[in-house]
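The form predicted alone is given below as one chain in structure tokens.
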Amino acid sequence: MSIKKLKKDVFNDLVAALIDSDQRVVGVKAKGDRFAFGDLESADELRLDYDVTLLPPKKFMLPQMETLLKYEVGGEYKSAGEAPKMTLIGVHPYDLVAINQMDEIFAQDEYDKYYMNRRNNITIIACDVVTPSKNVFAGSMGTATVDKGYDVLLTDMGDSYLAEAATDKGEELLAKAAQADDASPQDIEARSKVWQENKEKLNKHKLNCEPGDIPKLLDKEEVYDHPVWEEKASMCYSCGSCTSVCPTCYCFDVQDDVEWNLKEGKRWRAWDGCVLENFATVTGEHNFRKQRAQRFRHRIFRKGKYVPSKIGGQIACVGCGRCVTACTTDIANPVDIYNRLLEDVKI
């Protein structure tokens, strides 16, 4: 696959051409003094110098709420779920790692056609981080850079972007850019320097072990009943902010709604969160994680042990730092918790 160097105005022309096409184009835009993914109406709206978005881009593969199917009395049903072609511009490496993890999860066991159909119709233009956010710790989680999952990866080189195509879709996209030159060995060396610097700069909270050691830490018998769960949970509102902004949280609730005519209805799903009080409530009103400390512990175990067991040991925390910012009582930082456990438990 090719690596091109193109001036920023040339890239903006490419984005403008995409916006004028028949597909949806989503990118990062300013929202007050923060940033968010949204539909682009002009190339000038795109901000690739952003620090972090309010919500991760997972919502374009797994919407907050969606109808799965509609049904009628007699057994007739029709599957729902639209998957229009879309270009998603400006995904940071840590968010792309999260998407890569969800791609694995939704493709295994019960293949989720709703997620996968949307994912397969999205072209991703990722970009290396220019402005580190105040709580990012991707450097500790090994996600400050990424080498797969994108169609095109952009690296800011001042007045130009270095653009690497990793797929046929990416090659086709870059072929539309006028005046794009092949990257020189010096350009590629300069990009390697950016990557190395980002591994250092994107580390506002330093984890005191390798990410791969976390499952081993959580396997220790004394961790499960460690006092840190009660201490942190005593300040937890169970509001779900931490899971709502997390790029790797994918839990959802499925409900059936019958219409007033009692002849038809629909099945839908919506984001759910393991820290919410009724997340683990089942038939008979039995809640098998009724205590806040149990739910708080489950969130950390899920990221550091349960999900990694499904995806080859990858830790389901990519260090975006959104949960740290969103938590009003400052208890959600996974690094704080893992480091606290490491003080008391040897691995």
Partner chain sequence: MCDCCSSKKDIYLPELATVKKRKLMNGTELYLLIQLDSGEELGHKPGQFVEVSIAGIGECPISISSSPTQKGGFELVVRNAGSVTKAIHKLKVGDKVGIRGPFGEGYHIDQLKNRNLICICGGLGLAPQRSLINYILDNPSDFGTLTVLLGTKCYPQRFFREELAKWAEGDDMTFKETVDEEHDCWTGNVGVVTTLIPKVESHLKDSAVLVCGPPVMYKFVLMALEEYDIPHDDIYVNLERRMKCGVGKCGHCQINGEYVCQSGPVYRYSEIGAMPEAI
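Not measured: the values here are computed from a predicted model. Whichever C-alpha set is largest while still superposing within 1.5 Å between the two forms counts as the rigid core. Positions refer to the first chain, counted from 1.
In what follows, reference is made to the form predicted in complex with the partner chain, a form of this protein that is not presented.
J.: Would you confirm whether the three residues F60, D95 and M235 all fall within 4.5 Å of the partner chain in the predicted bound form, going by non-hydrogen atoms?
T.: So, no: the whole triplet misses the partner chain.
J.: Mind telling me which stretch in 136 to 144, 245 to 253, 173 to 181, 123 to 131 gets its heavy atoms within 4.5 Å of the partner chain in the predicted bound form?
T.: So the stretch in question is 245 to 253.
J.: Of V194, C239, M116, L217, which residue is found within 4.5 angstroms of the partner chain in the predicted bound form when only non-hydrogen atoms are counted?
T.: After the contact test, the surviving option is M116.
J.: Even though the partner chain is not shown here, does Q64 get within 4.5 Å of it in the predicted bound form, heavy atoms only?
T.: Residue-level check for Q64: no, no contact with the partner chain.
J.: At 4.5 Å between heavy atoms, is E221 in contact with the partner chain in the predicted bound form?
T.: Result no; E221 lies far from the partner chain in the predicted bound form.
J.: Answer for E76 alone: is it within 4.5 Å of the partner chain in the predicted bound form, judged on heavy atom distances?
T.: Because a heavy atom of E76 falls inside 4.5 Å of the partner chain in the predicted bound form, the answer is yes.
J.: I'd like to know whether N278 contacts the partner chain in the predicted bound form, with contact meaning heavy atoms within 4.5 angstroms.
T.: Contact with the partner chain, yes.
J.: Using a 4.5 Å cut-off on any heavy atom, which residues of 294 to 314 would contact the partner chain in the predicted bound form?
T.: Heavy-atom contacts to the partner chain in the predicted bound form: Q294, R297, H298, R302, Y306, K310.
J.: Aligning on the rigid core, do we see the C-alpha of V73 shift 2 angstroms or more between this form and the one not shown?
T.: V73: C-alpha displaced by 2 Å or more between this form and the one not shown.
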